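Here you get one chain, nothing else, as structure tokens; it is the form predicted on its own.
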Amino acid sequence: MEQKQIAEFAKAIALETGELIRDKWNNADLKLSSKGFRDIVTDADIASQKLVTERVMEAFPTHGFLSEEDDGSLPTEGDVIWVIDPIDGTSNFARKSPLFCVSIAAARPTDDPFVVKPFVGVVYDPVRNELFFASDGSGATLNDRPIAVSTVDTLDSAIISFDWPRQPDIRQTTLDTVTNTIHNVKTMRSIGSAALGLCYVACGRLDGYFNYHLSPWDVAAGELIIKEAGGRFSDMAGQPWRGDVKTSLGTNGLVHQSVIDLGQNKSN
């Protein structure tokens, strides 16, 4: 399957799904349920994922899926694996906070179930109408205009973002890193959407984003977009990201090791 064809399809389906999400967001009858501790899902998450998977199955019946919301009817193997977060930032979405997106990536299957190799990535913010996109080897764009990471090369000028995991022990690790980081950087932000955080690094709004507990659907598109924008993506130890490690760090590349050092409580 041609990469260009998949890329154009991914952009089109992200825009269509974003319209659905925006309509749901404006609906006062939003339905919420709990998936677990500090973990919610809305009817919009389900509808969004259903729209993406149905469109993909119609267009590419030999493809498989790795998606956030459980659906035993979806094939998990195929020529291409679609990695889908139907709404990244559900807590924001449910509280009417305009920081959420749909994240879609097309990845090549590997022999390692914890390794995802995206070759097309799309993150669409339907409130701001911002479409972040990357195709392997072709650079990254925002609304079809090329983007690049920042040139900030010192921590004292850097804006670093992060988000809070649900698990108490991992949240404490995050707090320890924030405590060690805050006095060494210009400022810090917590957005509530990993995909947007990574894209904001890709376009230079942020210089780095870290999270101690992310899944493939959280990072697949953003990882590719950051790399194609000239940045770097790894786990918090500087190693290639794996789904069984879950810690994530995306930066402009220039402050990458410095953030790793802070996370490991090293002096800088």
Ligand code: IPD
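Just so it is clear, the model here is predicted, and its values are computed rather than measured. For every residue, the number given is its place in the sequence shown, counted from 1.
This next part talks about the form predicted in complex with ligand IPD, which is not shown.
Enquirer: Within 4.5 angstroms, counting heavy atoms, which one of the listed stretches 177-185, 87-95, 146-154, 132-140 is next to ligand IPD in the predicted complex?
Expert: Stretch 87-95 is the one.
Enquirer: Taking ligand IPD as it sits in the predicted complex, is residue 218 near enough to touch it, meaning that at least one heavy atom pair lies within 4.5 angstroms?
Expert: Output for residue 218 is yes: heavy atoms within 4.5 Å of ligand IPD.
Enquirer: Classify residue 228 as contacting or not contacting ligand IPD in the predicted complex by the rule of any non-hydrogen atom within 4.5 angstroms, answering yes or no.
Expert: Contact check for residue 228: no, nothing within 4.5 Å of ligand IPD in the predicted complex.
Enquirer: Is there a heavy atom of residue 192 no more than 4.5 Å from a heavy atom of ligand IPD in the predicted complex?
Expert: Residue-level check for residue 192: yes, a contact with ligand IPD.
Enquirer: Since only the chain is shown here, I'm wondering whether residue 203 would be in contact with ligand IPD in the predicted complex (any heavy atom pair within 4.5 Å).
Expert: No.
Enquirer: Could you check which residue among 51, 66, 236, 214 gets a heavy atom within 4.5 Å of ligand IPD in the predicted complex?
Expert: Filtering the options by heavy-atom distance leaves 214.
Enquirer: Would ligand IPD in the predicted complex be within 4.5 angstroms of a non-hydrogen atom of every residue among 163, 166 and 209?
Expert: Every listed residue reaches ligand IPD in the predicted complex, so yes.
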